[in-house]
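Quick heads-up: it's one chain on its own, the form predicted on its own, in structure tokens.
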Amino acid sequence: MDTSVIIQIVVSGAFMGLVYALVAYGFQLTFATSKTINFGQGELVMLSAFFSLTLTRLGAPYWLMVPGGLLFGALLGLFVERAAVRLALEQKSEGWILLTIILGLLGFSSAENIWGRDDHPFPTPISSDPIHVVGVDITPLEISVAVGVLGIMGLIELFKRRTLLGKAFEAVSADRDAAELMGISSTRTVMLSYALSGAVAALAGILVAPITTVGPTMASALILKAFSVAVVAGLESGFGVVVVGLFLGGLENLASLYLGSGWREAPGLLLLILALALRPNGIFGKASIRKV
């Protein structure tokens, strides 16, 4: 097979891998402050995409629809934190696992009843006509994915490192008890992490919707791949999720090319199994140190 065709397939997969990385980054944000993960994150992606589609149908311009969708995602994240996570953390239980799953199922059912079970096209002013760049065809839609993913991750990292509230975020991530002793409210910081995670999920939905369409099941496969990326990279490395996301996206397309479309999901599952078996902290994660 022509090498240029293989490169084209890998590059196209890598752009989709950036969406996996963005959702995985949402996992990292909540894990950093509370050591919890929203297992209904996929439903936040889907509900935010549906809400953004509704805004578009009501006549909202694209530049207004995007912040509206992000705000909606942030509010959903806050709702998950209040309804499913806070009480479990106060009781020092693992109940948040089941509660986030239940809220995810509730979101899925709500989407089916409000918007129906059919998939809907997501209009976008961004062109899908390919541009020939260094021997590879890249569409403005794919470029928008890269800009959106790297842009919001860069802004959040800048916020965490350059603002007082961001430094509180970092303090709670490093040592929650010590941060409390210094007067930092861990509850508010966890709320912030879930709001940011919800906004990240919303952007993922807005970016991927023009490619996959919008439907209740749009994030079913996406969330499993994002979880694989988070575990393989490590739940503490923003740079790592980008690298692993790019790699997994390209690997998926190669598996689909050489083994058939039925094997497209196999690389993510295989990487997840290998990571859990050989390096539970992730490739870019730090080794756990247990004091005795």
Partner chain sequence: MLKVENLHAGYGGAEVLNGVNLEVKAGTVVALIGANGAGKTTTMRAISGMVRPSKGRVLVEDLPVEGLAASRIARLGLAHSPEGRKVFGPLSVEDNLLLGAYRHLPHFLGFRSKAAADLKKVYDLFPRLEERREQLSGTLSGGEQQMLAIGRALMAQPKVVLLDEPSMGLAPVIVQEVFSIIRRLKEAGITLLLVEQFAKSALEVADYAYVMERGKIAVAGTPEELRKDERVLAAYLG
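Keep in mind the model is a prediction, meaning the values are calculated, not measured. Residue numbers count along the first chain shown, from 1.
If you look for the form predicted in complex with the partner chain, you will not find it shown, but the lines that follow are about it.
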| item | value |
| --- | --- |
| In the model of the complex, segment of 113 to 121, 67 to 75, 175 to 183, 199 to 207 with a heavy atom within 4.5 Å of the partner chain | 175 to 183 |
| The partner chain contact in the model of the complex: residue 167, any heavy atom under 4.5 Å | yes |
| Residue contact check: residue 162 to the partner chain in the model of the complex, 4.5 Å heavy atom | yes |
| Contact of residue 171 with the partner chain in the model of the complex (heavy atom, 4.5 Å) | yes |
| Members of 3 to 26 lying within 4.5 angstroms of the partner chain, judged by heavy atom, in the model of the complex | none |
